[in-house]
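A single chain, nothing else alongside it, follows as structure tokens in the form predicted alone.
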């Protein structure tokens, strides 16, 4: 039942699988070594299946002898592509999800191509006719599919390069890439001798360089400032809380207000206390009145030694029809000693006994009432 060749590969499969199980149990189940051993087991099983299917290449019947003596089958790159795609899938399991997705796509694509070519090679003993059969079966889908996949790979690799190089180097890379595309286009249009193999070789070399650079920058990651923003997750609800702690929005705050002509009031923190002053009135007040549904600017000045932020509390509201009640408000960025920030508010509803509005500074006693007629 089992051919001599298949026995060797079945033994390799069993040994690799047992080694992978022991490695995951005693070392690390998510380590690259476990993935490599599982890959060896899968490769051994695949080759064992091929040797069983072909019976180690032995010919036993007259029909098989005639078929073996027929015209040689056209060489194919799809078995190599199939094996390479399987390796990419295994690498993706241990590295990045995008590599795994690309590997799965290549795995199914090369498998289909391999199956169709194998089917076409059995159509007749004439290699030219078999090529015609294959072209009729798959060419209508092959070129658009390859163009789509190639374009996606080029776009992804180029994006990785642009996100990985420095802010100063990115425009230079873009200009060089655009100039290369323009030069190749001009050469194809005005130099007939460049068309054909020279143009194809140039494009292939450029594609290899781009893919290599894309893989390199994918492994390296985005440049420092982009990586920091990505880790900060500014849109996370936890990072939008207006408290005394630092948030991503506080990064590189301006802390300087150049125009004050439209400021309605100034709220100041000094010696751990908060007070307000209306425009043109030096007296300290504990309430500020603003018009309803109009944009109003409030200046916040920090005279304390610690960083502070001004928070506007605008009551509560229900979330759609869920019955959940949440607080409504906004705040400035953290403001250092002797610095100031401005906040623009628009209050659509008047204040009332049920909905009281106020200005507060986290970490400071007292509040300033916000009155909306």
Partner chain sequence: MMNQENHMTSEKDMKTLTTVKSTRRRIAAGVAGASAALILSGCATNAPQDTWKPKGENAAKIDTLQKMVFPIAGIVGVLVLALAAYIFIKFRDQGQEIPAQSHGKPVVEIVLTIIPALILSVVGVFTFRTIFDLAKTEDTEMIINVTGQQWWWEYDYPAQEAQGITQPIITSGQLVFPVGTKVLLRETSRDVIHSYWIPALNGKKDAVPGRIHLLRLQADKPGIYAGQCTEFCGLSHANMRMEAVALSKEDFAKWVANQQKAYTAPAEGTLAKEGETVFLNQCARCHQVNGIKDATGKAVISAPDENVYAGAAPNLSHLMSRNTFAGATFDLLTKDCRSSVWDAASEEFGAKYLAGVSESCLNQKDLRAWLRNAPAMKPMYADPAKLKPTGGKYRGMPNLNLTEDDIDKLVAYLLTLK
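Residue numbers count along the first chain shown, from 1. On a predicted model such as this, the values are computed, not experimentally measured, just so you know.
One more form of this protein exists, namely the form predicted together with its partner chain; it is left out here, but the text below deals with it.
- With the partner omitted here, the stretch from 99-107, 118-126, 171-179, 287-295 that lies within 4.5 Å of its partner chain by heavy atoms in the predicted bound form is 287-295.
- For the chain shown alone, residue 348 is a contact residue for its partner chain in the predicted bound form, at least one non-hydrogen atom being within 4.5 angstroms.
- Though the partner is left out of this view, residue 75 does not reach within 4.5 Å of its partner chain in the predicted bound form, counting heavy atoms only.
- Although the partner is absent from this view, residue 263 contacts its partner chain in the predicted bound form, with a non-hydrogen atom inside 4.5 angstroms.
- In the predicted bound form, none of the heavy atoms of residue 366 sits within 4.5 Å of a heavy atom of its partner chain.
- When its partner chain is considered in the predicted bound form, only one residue from 278, 138, 94, 87 comes within 4.5 Å through any heavy atom, namely 278.
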